[in-house]
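Quick setup: one chain, the form predicted alone, written in structure tokens, and binding and motion questions come after.
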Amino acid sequence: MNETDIKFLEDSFKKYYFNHFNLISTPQRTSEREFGYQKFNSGFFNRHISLRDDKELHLLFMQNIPSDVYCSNAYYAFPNSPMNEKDWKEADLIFDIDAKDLNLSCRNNHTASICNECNEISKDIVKCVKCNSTKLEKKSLPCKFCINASKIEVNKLSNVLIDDLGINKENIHVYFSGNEGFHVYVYNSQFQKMGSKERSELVDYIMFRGAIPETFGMKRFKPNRSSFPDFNQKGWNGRFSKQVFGSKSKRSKIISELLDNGYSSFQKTLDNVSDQIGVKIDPNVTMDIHRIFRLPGSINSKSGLTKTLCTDLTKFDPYTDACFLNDESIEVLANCPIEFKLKNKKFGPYNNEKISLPTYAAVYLICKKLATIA
């Protein structure tokens, strides 16, 4: 990214933080958290930072003009010490649901390929149309379908957390990540003090991984049809019934078919069901008890959109509700083969052309490496 683009992004981010600092969520027990930040075009990650309150956090934003700001899910006795000296106490449970992990068919339609050899930009391809290089950087401009598919996974996750794990709905906070998905935070739960290994087992349960036929009534020898789960059962038994049997009237017939097909076939059925009813989360994120996460209310430098609390997930539209940068016009050289929508306005496609855009759209394209200041 060139200096002119960096200066424009820094100015735009600084204005946002000056005008919208009230949107920044200072986390509970601030002084026990580790903070970190990155600057534009800097490979260096500043972390192991301790802050006491809003004033110190505000100062960090104003003095450094960061591209990204992070905060730990963990609570430490000494958050500004090296990792092995922090004295870990506990950590909030956090889940990451990202559209890029959902294998959506629409993704090819809104992904641009940037050639690392000649900088040619085109729609999603396997090799560069200009120089045939396969060294391509992919940039996705997620569509409404991506966001809606991610919301479905968030709702599935919330149901498991509440119905199966007994977590109070009030302790579950959903944030748009600022780019392609959602972060689901669980506060003040019985899982706070769990380590990585225990969180890994929790992840397996939520993703419906490693399920065995015996759990759902199928035995290797002399299986009994009365052992199969019913519709009114809680947890995965009930979800399995609804997915596999479809309706109560079909249950008996399908159980007969499952028994006839045998144990190995039942395992394949379980594997297929797992992909449909298991929650698609990033397992590594939840298992990591020392991770630092994007700070709620801060801007995501991959998009220029804000990490935003979703009070009504159904109505939430990230391309309006998380788009806070101003409307001031700026001239850019845009090379974006994909149409996108922000603040209910359509933009693109652009074929290497000079165009005047509102700041929020210009920032979005520059963050995606699909435009530069003219």
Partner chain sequence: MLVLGQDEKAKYPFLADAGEYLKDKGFSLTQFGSDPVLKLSVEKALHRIKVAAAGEVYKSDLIDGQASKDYVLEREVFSFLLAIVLIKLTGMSTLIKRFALAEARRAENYLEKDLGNASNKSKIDLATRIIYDLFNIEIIKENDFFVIPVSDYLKHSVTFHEREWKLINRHVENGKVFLTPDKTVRLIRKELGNYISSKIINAPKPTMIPGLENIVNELITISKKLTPTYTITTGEYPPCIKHAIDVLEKGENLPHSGRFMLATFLLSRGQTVQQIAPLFKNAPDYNSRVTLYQLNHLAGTSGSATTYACPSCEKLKTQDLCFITKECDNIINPSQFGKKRK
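Positions refer to the first chain, counted from 1. Predicted model, so just to flag it, every value in this text is computed and none were measured.
What comes next is about the form predicted in complex with its partner chain, which does not appear here.
A heavy atom within 4.5 Å of its partner chain in the predicted complex is found for one listed residue only; from 275, 117, 87, 163, this is 163.
Interface residue among 205, 245, 145, 187 relative to its partner chain in the predicted complex, by the heavy atom within 4.5 Å criterion: 205. Against its partner chain in the predicted complex, the set 322, 337 and 360 makes no contact: no member has a heavy atom within 4.5 Å. Residue contact check for residue 210: one or more of its heavy atoms lie within 4.5 Å of its partner chain in the predicted complex.
In the predicted complex, at least one heavy atom of residue 236 sits within 4.5 Å of a heavy atom of its partner chain. Taking the partner from the other structure, its partner chain in the predicted complex has a heavy atom within 4.5 Å of a heavy atom of residue 267. Residue 197 belongs to the set of residues with a heavy atom inside 4.5 Å of its partner chain in the predicted complex. Stretch 163 to 171 is the answer when you ask which of 245 to 253, 163 to 171, 124 to 132, 286 to 294 has residues with heavy atoms within 4.5 Å of its partner chain in the predicted complex.
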